[in-house]
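The form predicted alone is given below as one chain in C-alpha cells.
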Amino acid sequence: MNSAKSVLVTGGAGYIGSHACVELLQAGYRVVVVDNLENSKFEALKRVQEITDKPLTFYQVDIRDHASLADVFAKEAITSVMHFAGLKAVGESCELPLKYYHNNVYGTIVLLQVMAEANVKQLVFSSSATVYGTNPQVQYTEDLPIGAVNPYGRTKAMIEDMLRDLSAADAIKPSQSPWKIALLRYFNPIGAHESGRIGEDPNGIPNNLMPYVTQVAIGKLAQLSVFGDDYPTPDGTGVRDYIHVVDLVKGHIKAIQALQTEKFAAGGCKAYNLGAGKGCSVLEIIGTFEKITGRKVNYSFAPRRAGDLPEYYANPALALQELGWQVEKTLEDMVADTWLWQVNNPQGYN
C-alpha cells in the first residue's frame, strides 16, 4: 500500500469516524485509527473491515497521551490526519465544561504537537456549525463572525483559532512543509451506512433528534419531546439543516484531496460548511419517518429550550466551488438508512 495515502483517523470508532474509515478504505487509502473507546465501540471498526473487505490498523490510545500518540506516528507512515476525536454533547458541556476543554482543546494541542514533531502537517478538522452561535442570518456563510454560545461550541471555535494561528505562523516564517488545514463545519449529520452495519449508537438517552425518533419508534423510549411549536417557521417547529453522514464523510475525502492541490501548495487554513443548504423542521422529520417506515412516532410539544434558534442552515456554495462537494442523498435516504440500522441493531453494537 502506498504510504503517501496513509491517513490517521482520530476518533475513528465513533459515529462519523467509522463512516469516514469506510469511505477512505474504499477510496484506496490506508487507514490507521486511534480511539480511546470512551464513547465508541471497537465493534464498529470490525464492521468497517467487513463492509470494505479491507484491513485497518487500530490503536486504543487517548490523544491526550503524548507518548503513546507519538509512538503511533513513529510506527506508521502517516501523511494526513482526519481529526474527529472529541466530546460532543452540548448539554453535558454546560454541566462539565472543564471535561470538554480538557478533552477537546488540550487533546488537540497534544495531537498538533505530535504532528509537528513527526512533520505531518495536513489536517482535516471536524468542526461544527455551533461556532456561529446566534447569528441573525438564517443561511450561514463561512465569513460570518464566530460566536459560540456553549462550552462545546467554544471548544470547536478555540481549536479553529489555534489552527489559524498555526497556519499564520507559517506565513511569518515560511516552512518547507507548511500546515495545510481544512476546517469542516458540520450542520446536523444523521443517517447510517446503507448496509445497516454501522450507525449512530449513543450512550444512554440520545441527545440528537434522529436516534431519539428511532428509539421511540422501536419502543425503547416512550415519547419524543418537540421543544417549541410557536417558532416563526412553516409549522412552528425548529428548522435545521440535516445531512447524510455518508455525504458528510465524502466531504472529508474531498478535503484531503484538496490539501494535495495547488490551492494549498503554500499552506493555509480554510473553513468550509458541510450542509444540504436547506432546512427541515422537526415535524417534517417525524412525518417523513412515519411515511418511510410505517411506524408511529409518539411525541408531545414542550416549551422552547433556551438558546435554540428558530431556523438556520448552511450555505454550502464554497465547498462546491473549491472542493467539488455537494450532498447527494435525500431526507428519505437518511430516514431509510437510519431505520435499517436501528432495526438490525436494536441494542446498538452491544
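Start at 1 and count along the sequence shown; that's the residue number. Note that the coordinates shown come from a computational prediction; the quantities given were computed from them, not determined experimentally.
Although not depicted, the form predicted together with ligand UDP is the subject of the following passage.
- Message: Heavy atoms within 4.5 Å of ligand UDP in the predicted bound form: which stretch in 308-316, 321-329, 22-30, 49-57 meets that?
- Response: Among the candidates, contact is made by 308-316.
- Can any non-hydrogen atom of residue 178 be found within 4.5 angstroms of ligand UDP in the predicted bound form? Close contact is absent here: in the predicted bound form, residue 178 is far from ligand UDP, nothing within 4.5 Å, heavy atoms only.
- Message: Contact with ligand UDP in the predicted bound form for residue 207, defined as at least one heavy atom pair within 4.5 Å: yes or no?
- Response: Answer yes; at least one heavy atom of residue 207 falls within 4.5 Å of ligand UDP in the predicted bound form.
- Item | Interface membership of residue 224, ligand UDP in the predicted bound form, 4.5 Å heavy atom rule | Yes, residue 224 lies within 4.5 Å of ligand UDP in the predicted bound form.
- Mark residue 238 yes when one of its heavy atoms lies within 4.5 Å of a heavy atom of ligand UDP in the predicted bound form, and no otherwise. Yes, contact at 4.5 Å.
- Query: Of the options 188, 79, 139, 93, which one has a non-hydrogen atom that comes within 4.5 Å of ligand UDP in the predicted bound form?
  - Reply: Flagged contact: 188.
- Ok, 264, 242, 132, 73: which has a heavy atom sitting within 4.5 Å of ligand UDP in the predicted bound form? None of the other options qualify; the answer is 242.
- Residues in 318-350 with any heavy atom within 4.5 Å of ligand UDP in the predicted bound form: The stretch does not touch the partner at all.
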